[in-house]
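Coming up is one lone chain in structure tokens, specifically the form predicted on its own.
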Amino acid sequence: MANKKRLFSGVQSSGTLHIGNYFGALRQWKDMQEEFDCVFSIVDYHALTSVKDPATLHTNTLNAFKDILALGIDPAKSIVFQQSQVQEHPELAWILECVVPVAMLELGHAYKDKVAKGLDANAGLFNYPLLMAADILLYDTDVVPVGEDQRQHIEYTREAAAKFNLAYGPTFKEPQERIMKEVAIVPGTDGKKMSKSYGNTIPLFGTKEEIAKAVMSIVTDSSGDRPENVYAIHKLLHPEERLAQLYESNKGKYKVLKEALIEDIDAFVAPMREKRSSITDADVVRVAKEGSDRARAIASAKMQEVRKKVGATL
């Protein structure tokens, strides 16, 4: 894989994955395995900013591994690991915190948005971008697939790398974001960005009944012939030319259009849902251990270099 650029991406184990996760990022993971040298992480330390129950975090982490394996992430092609099993991540985050000014973090859009939505304004949430930067920089990452709303985090990562390199000499690559603009921000059932913290999601591996409940709750605008929030999600599944006749022949029939969306989502996720049901906890433990060992070997070598650069060796 030496001739391939390296890609890093992570998913929080903070709750149930939804279709926004899939179309905003996870679909790219599967497709990019052939093009890039991929490193994928279940970033369970990030989840601690919002998940305070140990049993919940444990279950969420197991489920997140099952989810990405069901989506086609192949541990034979990519490194797939658990963030908390590679201690170099929080170690590098601390070092980056010592070179990045507080004023930069105070400008963080995600932090201000989450606090405005009522999330606990803990220090972890505030420093989140630097743990994310550490995740990325440890692996000499070239490319990071993110949604438009996380573009700033990659800008912060480049800034952290540049400040460290200026202070201690060339050490880190400055990665580039890769954004699929047409699905960069997936709308939720209320029309805002789909997010677990907003409670507006459609579950990725939900039963048909769970999908139906979420879809029927989609907020519709009674002033038009086409329910825009329904349509915005529907066109993630089918090209607009295929949807044209359905929406033209059912103008104003919001219930019919929602029912069509339910059928299409269920048909789309059914094969992945079936594959996921075959993955055991033992499968996850094996994949996580093997992947974490591989990730640790890379991260450990990088941190030896970093410690030497900052003078933390004898």
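Remember, it's a predicted structure, so these values are computed and weren't measured experimentally. Rigid core here is just the name for the largest C-alpha set that superposes within 1.5 Å across the two forms. Residue numbers here begin at 1 and follow the sequence given.
Below: the form predicted together with tryptophan (TRP), not depicted.
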| item | value |
| --- | --- |
| Partner proximity in the predicted bound form: residue 21 to tryptophan (TRP), non-hydrogen atom cutoff 4.5 Å | no |
| Touches tryptophan (TRP) in the predicted bound form: residue 85 (any heavy atom, 4.5 Å) | no |
| Any non-hydrogen atom of residue 15 within 4.5 angstroms of tryptophan (TRP) in the predicted bound form | no |
| Residue 128: touches tryptophan (TRP) in the predicted bound form, heavy atom cutoff 4.5 angstroms | yes |
| Contact test, all of 185, 194 and 230, partner tryptophan (TRP) in the predicted bound form, heavy atom 4.5 Å | no |
| Candidate stretches 170-178, 234-242, 135-143, 200-208, one within 4.5 Å of tryptophan (TRP) in the predicted bound form by heavy atom | 135-143 |
| The single option of 38, 64, 261, 43 touching tryptophan (TRP) in the predicted bound form, heavy atom within 4.5 Å | 43 |
| Partner contacts for 5-25, taking tryptophan (TRP) in the predicted bound form and a 4.5 Å heavy atom cut-off | 8, 9, 10, 12 |
| Residue shift check between the shown form and the other one, rigid core fit, residue 292 Cα at least 2 Å | no |
| Large Cα move at residue 13 between the shown form and the other one, threshold 2 Å, rigid core | yes |
| Direction of Cα pair change residue 90-residue 14 in the predicted bound form, magnitude 3 angstroms or more | farther |
